[in-house]
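We begin with a single chain expressed as structure tokens, specifically the form predicted alone.
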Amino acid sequence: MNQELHFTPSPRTRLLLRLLAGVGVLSLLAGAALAPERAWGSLFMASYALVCLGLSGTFFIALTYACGASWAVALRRIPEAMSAVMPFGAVGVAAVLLFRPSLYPWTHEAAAHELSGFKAAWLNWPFFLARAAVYFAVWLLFTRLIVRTSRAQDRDGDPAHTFRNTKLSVAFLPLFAVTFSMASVDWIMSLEPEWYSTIFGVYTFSGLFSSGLAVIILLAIWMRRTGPLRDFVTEEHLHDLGKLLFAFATFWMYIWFSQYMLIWYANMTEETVHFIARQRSFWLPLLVLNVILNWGIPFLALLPKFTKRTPSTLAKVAAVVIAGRWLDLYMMVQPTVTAGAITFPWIELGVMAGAGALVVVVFLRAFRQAPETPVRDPYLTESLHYHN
């Protein structure tokens, strides 16, 4: 059943990965020499994206365990391998926080004096770093426990492992909701300390999971086409993944509109500052494009049933969502780094290309460390014969 366990990509794919990795390293080095602040911002963007991607894998596993979603058992190894990306993102985020605190305006002495009340207590640098350490500790611990328990079941086939992972997942989900919301406020929203949004954590979660689903779809289609999951992932699984992507792209739009509409309607200075900066000059077309990529195209393309069951079409839509996720992060981070100026994002694109190559390399290494599907999971047979 695991004859494809030592699957390796084709020479062309390996060459492409090396080229992308080289582009990422060169872009980061050139950016550090020519525009250091943008280079650090790009590193933070890419690292945060890697953390979110790893978390989306863990969240997907935990959600399916907690809901008893047996249909996803056949493709569980994909989000498990995706979660291996998280430590690399954590290293990048930690590097930015430790070596470039100036990325956050409130760390400057003059700006720090302008903070008051709870915001002054919360945006305290030692406390800020301590919270980041707690976030990573919680995420990495639960990811390791859930994946290790799943792999243990491959060895002894004990159904008790499924029950244990269900309990771990139920414990992880609320902790994830709280810690990721707090991390998003700390790392992203505090780039503009004068701004706040009460649903920013939900907004960043919607982007995390919709883009995570898009990556799962692309990897599932790739593994299905090249062999490792050819006998396990069917059109029925792709159909459900497509439905989830459709749902969460729409959820992203709902939260985006809710945040924008309420801020626009209230018209309070401390809330509008974020969107005013992103509606000036050439930022406005990017703001519109962000909505089109993250919701407009996925919504229209995935409405018909057949598109969710057609791998080539589903892959194209997933690629659009991933591009939208990059643009969404770019819109959240770079206007603060560049003080509103807009330039061609060659540093940001190059660093993200390198991060993409890292994702594939780490995914393949993690994927090869276990059978391509949970061979002794008690619900595997039900998953293999699943029909919508």
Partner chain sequence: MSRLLLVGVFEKEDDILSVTRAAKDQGLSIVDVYAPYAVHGLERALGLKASKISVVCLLAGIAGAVLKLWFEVWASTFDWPVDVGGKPWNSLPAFVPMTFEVMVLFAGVATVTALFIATGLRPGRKPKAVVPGVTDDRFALVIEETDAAFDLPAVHRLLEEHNAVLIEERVEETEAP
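Please read all numbers here as calculations on a predicted model, not as lab measurements. Residue numbers count along the first chain shown, from 1.
Same protein, other form: the form predicted in complex with its partner chain, not shown, and the subject of what follows.
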(message) Please tell me whether any heavy atom belonging to W264 falls inside 4.5 Å of a heavy atom of its partner chain, as the geometry stands in the predicted complex.
(response) yes
(message) Is L303 near its partner chain? Define near as a heavy atom within 4.5 Å, in the predicted complex.
(response) yes
(request) Indicate whether its partner chain has at least one heavy atom within 4.5 Å of a heavy atom of D154 in the predicted complex. (result) no
(message) Is it the case that E114, even though its partner is missing from this view, gets within 4.5 Å of its partner chain in the predicted complex, heavy atoms only?
(response) no
(message) Whether F257, R309 and H387 jointly form a contact site for its partner chain in the predicted complex is the question; each needs a heavy atom within 4.5 Å.
(response) yes
(request) State the residue from E192, D231, E236, D158 whose non-hydrogen atoms include one within 4.5 Å of its partner chain in the predicted complex. (result) E236
(request) Counting only non-hydrogen atoms, choose the one of 114-122, 210-218, 132-140, 265-273 that falls within 4.5 Å of its partner chain in the predicted complex. (result) 265-273
